[in-house]
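One chain follows as structure tokens, the form predicted alone.
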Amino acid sequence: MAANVGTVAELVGNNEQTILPEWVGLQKKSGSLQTGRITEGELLSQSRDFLHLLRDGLAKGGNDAANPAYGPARQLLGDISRSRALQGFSPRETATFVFSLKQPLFNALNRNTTLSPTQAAELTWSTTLLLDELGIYTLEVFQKSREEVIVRQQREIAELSTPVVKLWDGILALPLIGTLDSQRTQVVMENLLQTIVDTEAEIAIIDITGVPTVDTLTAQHLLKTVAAARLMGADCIISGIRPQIAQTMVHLGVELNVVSKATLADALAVALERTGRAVTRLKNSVSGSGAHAKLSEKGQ
């Protein structure tokens, strides 16, 4: 088998001028360039580099893809897979980079008249197994990279969907929309606590108007957020508890042990009172534009 492997390495080296353009042509035919995510020059460069590393791996490591001799080739495949995962390539488009090399190699083997049919068949089979292993490795790296991208995007979306708003000096509002799970609770805590530190807030209003349901687990997440805020010196008020949610919480025996209000406006009024402020309505102004409201500090 060593001689056969050596034959494949020599075949790749001696027929590069034929194998490379045929391989690149098959990749272009499969649509690798149609998306515009990669240029023809980049595709040619990646293909040429991998072909050289594959030849070196064959010459030094035989047909065992796990051999250290294939380390550089695997490294290149990993870099290509990660890059294509970020660029939005599909698994099929990424795997085609390796699997489309089979046909040019088999064609080169068939053109080698010094090989007997048995030798050609053995080389074809061993080369197929080798490329399959490298192709599977490519897909594994691609899949892992895509999962990392998805997790990062989910975290970024969670951060964007849980903004902490400064309503007034010392008063923050945290409007929650959607399901509150463990991972999102962590993001909520981090954003809220950091904003409390940055603004030296005294009160944080957690508005759950956009939370579809509140079960025992959701209540636990809310309590964790409230407890964390208290440790930072800020009291919490929960607003947006609708009648259906209130009934559900009563049936479940859930106790939030925190001040709660039906609307954000009610919660803001409580927060203003606690911080020594009050909202009062003014009579019609001189311009006749209607009633106005002003915020006044108590004791003034």
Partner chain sequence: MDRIPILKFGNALLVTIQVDMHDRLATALEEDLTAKIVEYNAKGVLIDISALEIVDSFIGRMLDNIAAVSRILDADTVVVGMRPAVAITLVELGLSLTGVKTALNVERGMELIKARLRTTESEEDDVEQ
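Think of the rigid core as the biggest set of C-alphas that the two forms share within 1.5 Å after superposition. Numbering follows the first chain given and starts at 1. Everything numeric in this text was worked out from a predicted model, so none of it was measured.
The following text describes the form predicted together with the partner chain, which does not appear among the structures shown.
| task | Look at the stretches 134 to 142, 196 to 204, 81 to 89, 115 to 123 and give the one with heavy atoms within 4.5 Å of the partner chain in the model of the complex. | result | Heavy atoms within 4.5 Å of the partner chain in the model of the complex occur in 196 to 204.
| A228, L109, V211, L167 - the one with a heavy atom within 4.5 Å of the partner chain in the model of the complex | Going through each option in turn, the one that passes is A228.
| request: May I ask you to choose, among E148, D215, D181, E190, the residue with a heavy atom within 4.5 Å of the partner chain in the model of the complex? | output: Only one option qualifies, and that one is E190.
| Applying a 4.5 Å heavy atom distance criterion, does G233 contact the partner chain in the model of the complex? | Close contact exists here: in the model of the complex, G233 approaches the partner chain to within 4.5 Å, heavy atoms only.
| query | Heavy atom to heavy atom, is K102 within 4.5 Å of the partner chain in the model of the complex? | reply | Result no; K102 lies far from the partner chain in the model of the complex.
| said: I'd like to know if R74 sits close to the partner chain in the model of the complex, meaning any non-hydrogen atom pair within 4.5 angstroms. | reply: Answer no; every heavy atom of R74 is more than 4.5 Å from the partner chain in the model of the complex.
| query | Can a Cα shift of no less than 2 Å be assigned to R274 between this form and the one not shown, given superposition on the rigid core? | reply | Indeed, R274 is displaced by 2 Å or more.
| query | Taking the rigid core as the reference frame, is the Cα of P91 displaced by 2 Å or more between this form and the one not shown? | reply | No, its C-alpha moves less than 2 Å.
| request: Superpose on the rigid core, then tell me if the C-alpha of S182 is displaced by 2 angstroms or more between this form and the one not shown. | output: Yes, the C-alpha position differs by at least 2 Å between this form and the one not shown.
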